[in-house]
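Coming up is one lone chain in structure tokens, specifically the form predicted alone.
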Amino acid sequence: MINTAVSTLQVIMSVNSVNIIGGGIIGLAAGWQLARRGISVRIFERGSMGRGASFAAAGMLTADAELGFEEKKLYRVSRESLGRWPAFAHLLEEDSGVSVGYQDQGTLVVANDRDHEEALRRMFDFQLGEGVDVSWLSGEEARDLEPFLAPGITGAVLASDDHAVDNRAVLEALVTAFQRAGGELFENSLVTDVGPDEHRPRIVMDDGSDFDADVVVIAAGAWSNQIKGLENGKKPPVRPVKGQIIELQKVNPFDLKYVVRGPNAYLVPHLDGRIMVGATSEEMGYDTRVTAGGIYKILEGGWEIVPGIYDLSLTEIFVGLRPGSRDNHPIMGFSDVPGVYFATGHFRHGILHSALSAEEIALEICESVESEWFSDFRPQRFA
């Protein structure tokens, strides 16, 4: 292993096999990219593949709209991943035969009173200063673009480069593409322990069986720090952040076109007629209960900016546990534990970051090339 004071990369002369813990979008996407390179890959998921936080997401690819004052490092990676998404989606559709519902219509960030308009204007000025391609719209201009916005919208920012995807279709496509590439899936398979080893790290299942490989990737989302075998201080510092989100079904003449973000909710229309409205962000541990207060907050926030949702059918409610790291940024790269690679902590950006993360994980593991895109997100920053 190279001295971690110089590099975080573990040089593994020949990688032929990888075990991935976690069947969310990061684990599946990385597994697909590794399998395409001829690596023998097994993915172990504690529940059903792709049915965790990735399934409960809305599918936004909103790098520009979500740039905040303290997120310059994160934005750099988000913007790069957004740029890779069209090619990523096209290749995934080719490999799987599944359409992933990619949409490039842009995102509207709206203000519905003067106070929110002032805050949005400050953010807009900051984004312009960072070179982001955003446009300011009056309330009237915003409604001309998206007629279903509320009459009280006073101003908006259009992030035309931000896109959206059907995250559930992406997960379905990844499962298919991964298996077609020769990967093995193990559902309802709880990994309890990791046995670090420089040459053949192993994982131990709850039934006592074990599997070894050249590399173990921990991509278990909010459960990444629950796996035993890693010493205290060397586990990925990840916690669950609860998110409640609702699904509505479009009924004519309602026909929302743009992703709309407001002060208290966002709405994401999909090609199959679903409208996702979300989402709460709650520090509630592993609590996955649907709560009246959470759903009320989402519906009220959505109705304030797009009142036409009032008459739509509420078809389903989902709860996901986002993996939030100590600084809410991803944890990417070989850990200080021999043979163990971390790919977790994506918090609210797992769907957006999956295009970049999958390709760069495969690069690091297969070619021992240190990705400069992960330089600010190494596990060693928490030492």
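Just so it is clear, the structure is predicted and the values come from calculations on it, not from any experiment. Residue indices: 1-based, along the sequence shown.
This next part talks about the form predicted in complex with a further copy of the same chain, which is not shown.
Contact with a further copy of the same chain in the predicted bound form, defined as a heavy atom within 4.5 Å, is made by all three of Gly293, Ile309 and Leu314. Residues with any non-hydrogen atom within 4.5 angstroms of a further copy of the same chain in the predicted bound form fall in just one of 86-94, 282-290, 72-80, 105-113: 282-290. Shown alone here, Ile275 lies farther than 4.5 Å from a further copy of the same chain in the predicted bound form, counting heavy atoms only. Proximity of Phe254 to a further copy of the same chain in the predicted bound form: non-hydrogen atoms within 4.5 Å are absent; the residue sits far from the partner. Interface residue remark: Leu299 is counted as part of the site for a further copy of the same chain in the predicted bound form, having a heavy atom within 4.5 Å.
In the predicted bound form, a further copy of the same chain lies farther than 4.5 Å from every heavy atom of Ile245.
The contact residue chosen from Trp303, Trp223, Phe186, Trp136 relative to a further copy of the same chain in the predicted bound form is Trp303, the criterion being a non-hydrogen atom within 4.5 angstroms.
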